[in-house]
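Before any questions on binding or motion, here is one chain by itself as structure tokens, the form predicted on its own.
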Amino acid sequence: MTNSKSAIKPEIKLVDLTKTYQMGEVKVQVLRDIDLEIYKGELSVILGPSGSGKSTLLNMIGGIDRPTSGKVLFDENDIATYSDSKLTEYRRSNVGFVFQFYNLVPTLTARENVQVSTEICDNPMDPDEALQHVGLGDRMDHFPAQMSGGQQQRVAIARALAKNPRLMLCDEPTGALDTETSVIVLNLLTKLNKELNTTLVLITHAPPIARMAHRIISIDSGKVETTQINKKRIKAEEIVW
């Protein structure tokens, strides 16, 4: 996918975005002067070393945190100006989150973990359907302790998917997985991106993973260094780790 910026408006646009945290008497600027565009149906990878500001940037897009200054435009509406209740509604209605550590409720089955997310949005997918999408139709009644790390991550993906989100935001989704399982999870994410046309933003510190993306955004020291269209995308099994 090579959307033309002149022809298609971005789904997400960040304008002059900064984020500063007050640490005692010291101010720490985590993001500085970020200008960024993300387009509908693309798989965008935000690539950068640990501490570069990737997770903070993802939190701004997802409405988990607010910028110190600048704009976060979703469909040309600045979510940075939303009230707390409107921002909660934005997250519930539009965003599915996948984290490095699966954040499943240990006392709930796979199906029940997915149901939790469907109860807070307007147009959810059936939990069983979401689990079928991630290849866990035969594990719906298993608890997290009865599943491998890769299976737990697939439940977490199903939980995000069941919201029918316009955006799926993935924070180092393979960071806790071995290479073989990482390939399975990455193939699943690209499959969902392609088949459901869900805009997917994935952050990673691993350059080989970025080669799967439509768009590669490199960030360092809180600033976007480069943004490029990837004209030679590879499949997960082609990654040289």
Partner chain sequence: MVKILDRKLLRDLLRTKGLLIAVIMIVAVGTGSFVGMLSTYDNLLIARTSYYSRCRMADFWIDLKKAPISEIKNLETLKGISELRERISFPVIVDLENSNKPINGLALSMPAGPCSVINNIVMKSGSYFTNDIRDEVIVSDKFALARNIQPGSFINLILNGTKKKLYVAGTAISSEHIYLAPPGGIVDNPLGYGVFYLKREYMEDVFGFHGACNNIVGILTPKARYNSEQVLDNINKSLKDYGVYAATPLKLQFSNLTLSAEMGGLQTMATMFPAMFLSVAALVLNVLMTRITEQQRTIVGTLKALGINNMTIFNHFIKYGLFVGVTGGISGCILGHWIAAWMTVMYKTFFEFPNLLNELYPNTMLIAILISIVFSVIGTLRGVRRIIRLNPAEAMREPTPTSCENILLERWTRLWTNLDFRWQIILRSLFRNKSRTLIGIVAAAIGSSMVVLAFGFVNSMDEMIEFQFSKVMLSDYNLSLKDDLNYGAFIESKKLPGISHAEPIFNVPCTFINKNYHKKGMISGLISGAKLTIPRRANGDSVPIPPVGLLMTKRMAQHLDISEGQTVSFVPVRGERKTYEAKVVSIIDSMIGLSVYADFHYLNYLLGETSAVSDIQLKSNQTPEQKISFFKQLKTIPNIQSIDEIKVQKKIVTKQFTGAMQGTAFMMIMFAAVIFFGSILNGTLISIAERHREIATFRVLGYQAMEVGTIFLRENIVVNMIGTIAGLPLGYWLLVGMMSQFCNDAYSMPSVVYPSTWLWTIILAMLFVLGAHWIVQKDISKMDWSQALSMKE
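Residue numbers count along the first chain shown, from 1. Here the structure is a predicted model, which means the values were calculated and not measured.
This protein has a second form, the form predicted together with its partner chain, left out of what is shown; the following refers to that one.
**Q** Looking at its partner chain in the predicted complex, is some heavy atom of each of 65, 108 and 116 within 4.5 Å of it?
**A** So, yes: the whole triplet contacts its partner chain.
**Q** Counting only non-hydrogen atoms and a 4.5 angstroms cut-off, does residue 88 reach its partner chain in the predicted complex?
**A** Yes.
**Q** How about residue 166 - does it come within 4.5 Å of its partner chain in the predicted complex, if we only consider non-hydrogen atoms?
**A** Because no heavy atom of residue 166 falls inside 4.5 Å of its partner chain in the predicted complex, the answer is no.
**Q** Against its partner chain in the predicted complex, would residue 59 count as a contact residue? Criterion: heavy atoms within 4.5 Å.
**A** Although its partner chain is absent here, residue 59 would touch it in the predicted complex, with heavy atoms inside 4.5 Å.
**Q** Is it the case that residue 139, even though its partner is missing from this view, gets within 4.5 Å of its partner chain in the predicted complex, heavy atoms only?
**A** Answer no; every heavy atom of residue 139 is more than 4.5 Å from its partner chain in the predicted complex.
**Q** With its partner chain left out here, work out from 72 to 80, 146 to 154, 100 to 108, 130 to 138 which stretch has heavy atoms within 4.5 Å of it in the predicted complex.
**A** The contacting stretch is 100 to 108.
**Q** Just give me the residues of 11 to 28, first to last, that have a heavy atom within 4.5 Å of its partner chain in the predicted complex.
**A** Heavy-atom contacts within 4.5 Å come from 21 alone.
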